[in-house]
Every structure is written in C-alpha cells, then in structure tokens.
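Single chain ahead, written as structure tokens, the form predicted alone.
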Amino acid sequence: MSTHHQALFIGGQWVKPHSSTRFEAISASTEDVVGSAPEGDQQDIDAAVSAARRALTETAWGTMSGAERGECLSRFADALEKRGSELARTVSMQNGMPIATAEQLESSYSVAVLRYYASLAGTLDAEESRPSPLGFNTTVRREPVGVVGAIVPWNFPVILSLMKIGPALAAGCSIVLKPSPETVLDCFIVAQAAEEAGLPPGVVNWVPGGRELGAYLVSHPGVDKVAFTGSTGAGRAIAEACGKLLRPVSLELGGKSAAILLDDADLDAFIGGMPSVSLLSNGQACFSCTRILVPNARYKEVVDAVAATASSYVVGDALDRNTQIGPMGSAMHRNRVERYIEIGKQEARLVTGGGRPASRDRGWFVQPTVFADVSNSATIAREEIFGPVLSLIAYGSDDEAIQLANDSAFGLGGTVWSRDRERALRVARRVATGTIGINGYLPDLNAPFGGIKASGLGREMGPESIAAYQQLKSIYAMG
C-alpha cells in the first residue's frame, strides 16, 4: 500500500504547496514506488519561516515557562510513541534500514530524545544574578536564539530531526525543517504527532526539498540559527554562507572512525558488536568504525574472524526481520559505494564481498565487503564510503594505533577494545575525536555528541546542546 501526501505542515495547519512538483518515495529493497509527497519551494519556505516567527511573537509559545514547554514536548513524545511501528516501517522501507534497527532507533530512541528534553526544559533558569567585582550586580539572561532552520539527511531522518527539535523547543525556539527527498514520507508522521500534541501553530514546520531549497533556507533573512547534519562538503558550503551572514551554525558531518583492537581484546565481543559499531544501518551511519586497527600478532586471526562474520550476514529486504544487512539508501548511493569498492580492489586485498548479492535482482544491495592489508593512506581508509565496507589496518604498538586513529581528516566516533578497562580508557583519552566507546558504542542522551576537524562544529544531545539554541544577554544594574 502506498501513501501519497498532498499538503505541507506549516503554521500548525496542512496547507497546499505553492509548487505542483512532487517527490516519489522509492523502496530501497524493491525499487517500487511506495508513496509521494509535495516538493516545497521558496514561497513555502517563506511561509514556514513567517509562521515560525509568529510562533515566537504572537502565540503562547513566546511567553511559556520552561516547564510548560516541557509539557508540550511530553505530549509530542506520547503522540510519536503511538506511531512508532508506522514510523519504523516507513523509514525502513525508504532507506533500507533493517526494521529491527528502525524500531530501536528511529522509533524508541527518538521518543526518548523528546522525553529527555521535556524533562530538561523545566530545569532551565532563564536568569542568574552575578555580583560584579566592580561593585554592582549583573543579571545574565539566556534567551532563545529565535527561528531555527534545520536540514536533515536520509540515513536517520527521524532521530536526526528530533536531535534538533528537542533542544530547540526546550530553549524556546521555533523551527523550520527541510527533510531529505530520499526519505520524504516519515516527516509527515512526525508532523501528525506534533499536531496531535497541540504544539502552538508555527513552532515546528516541515518543507521537503532538495539542495537548492536547503541553501535558500540557510540564507533566509528570517532565520536566526542553522542546524545541519549531512556530508562534510555540504557542511563547508553552509558554514561559508553562515559565516558571511554572521549566523550561528551547528554542523554534524561525516566520519571515518577507527576501532582499535588492543592485543588483549576479546575478539568474540568485537565480532558481536560489529553490527552496531561498524555496520549500523548497513554502514550508513556517520560514526561507524569502518577502519579496524589490529595488532600485528593477531592480524590473521582478526581478518579471518571479521571476514567470516561479514560473509555470514543475511542480506535482504529491510522489512524482513531475518535481514542483517539491507540495501543502500538510493541507486545513486549504491553506485558511489561500488566505486569505492573498485578503488579498494586496486589498493588492498579483498577478503570477502566486493559486489552485489546474486540472490537479489531488485533493490540497491551491496555485499558486506572486507579489505585486508590496507594502508592508512589508502583512499578507502581516508574517505567516508558510507556503506558496508571495512578496512583492516595492522599496527605494532599502542602508540602506533593511536597515531593511525588520529591520522584522519575526521574525528567523530571510535572505539577501543580491551579486557583491561583502565588501559582502554587511557588509549581512548588520546584519540582525537568527539566521541569514543570502550568495548561498544552507543550515543548517550545525557552527553554531548559531535565531532572535531572535518566532522563538524558544535554538539548535539546532552544539556550542552541547549546552549546552541540560546543567546546571552547581560544586564548591568549600576544604580
């Protein structure tokens, strides 16, 4: 059954789009059309930004306390939770995310994000009084930055949206989101939940569109702050535009993270963690550890185990609960991944995978692929492939492993594997990255998430993320 949407959610209402152009939603597993939705244009962005501005100045949202905003977020979470199964299935169908992963992350984890910020909103102090060493008193206010323009990609469309919506609304901002054309159906489900929750009109607005529309939103004169998740190349262009406008921007970009297996690592534990650490959602996760650093003394053992495990994964329809590796998010993206695999065949030793599964004649599938004898200077070790392609790199000492991990343009994720937690922690402290896990990896709701170097600017998650949606004002009381 296909779903065809006719209206956009702007200003708390379902409104007719200005353009007659539409996006088709294609199943990554079958290549069938599974729905369609309107493509927004510049007039729709104008309307959404105006609605977001009115929400701050003409509705109760602009005068609500943090506790009242928290109640709105709680209702939003409740309404979204009721749609969890529909949401997970819709995402899985569009971008190929295995359904079990979609249920865990795009559904359950997304609801948890909203609930986290609902609880945090009521604890925010708008003002604090500071006695000045100059003899007077200063009031420091934290005020919402205003209208936020947010752009989210196709790989985790729901959770990446709510990682912006949650802190923005907790801080008292309003927001205009531009979802990706590749996953256009899920945002309508989230909008329906926002409508049911009774959020004031214009607090959250959705306008689907392509890159050009995203650029228009970024530079729109009515936008006060930009929040973006996507590729490093697009992030650089957005940073340049915001720099010229002196507009605050947060960027969550790409990665090429390393999993460091120390010589005492529990190999069974790493093999068990591979689906979430290195191949989450078919390798289409920005923090995936696709560089696996292995001590020389255990290199053959690890190569054999990783290759055997990767080749054993069930590749299939994302909606099939037996599937462990689903398809790539689009035909274009599959072609990109395959180009990197061909480069890898010239740079390293292919030990498993390297093509399309013979059992799948439809869908954008790529076999889980493992390369051994990879140099850290190889293209497949330097550039983000964003697919089920792993590079195994040998090292001699802990110091060399850290040097190899840090020898990257990126710095988003990473893991360290050891039976000695204190030793692993010592290594983790020396890895140049924004986040890192020991014997596993899972972003924590209560801790900042983000990268350094080419992996981005700013942080999402945790209480720290709210600061990105606030501005400070100092009031000097001198008499």
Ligand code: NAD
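The first residue of the shown sequence is 1; numbering continues from there. Nothing here was measured: the structure is a model prediction, and the numbers come from that model.
The discussion below concerns the form predicted in complex with the ligand, not included here.
Think of it this way: in the model of the complex, the ligand has a heavy atom of just one of L160, A171, L293, V184 within 4.5 Å, and the residue is L160. For the options A318, A310, L253, V366, the one in contact with the ligand in the model of the complex, meaning a heavy atom within 4.5 Å, is L253. The shortest heavy atom separation between V49 and the ligand in the model of the complex exceeds 4.5 Å. Heavy atoms of S231 reach within 4.5 Å of the ligand in the model of the complex, making it an interface residue.
Among heavy atoms of L177, none comes within 4.5 Å of the ligand in the model of the complex. G354 falls outside the set of residues with a heavy atom inside 4.5 Å of the ligand in the model of the complex.
Only one segment in the set 300 to 308, 108 to 116, 77 to 85, 208 to 216 has any non-hydrogen atom within 4.5 angstroms of the ligand in the model of the complex, and it is 208 to 216. In the model of the complex, L412 is the single residue of 408 to 425 with at least one heavy atom within 4.5 Å of the ligand.
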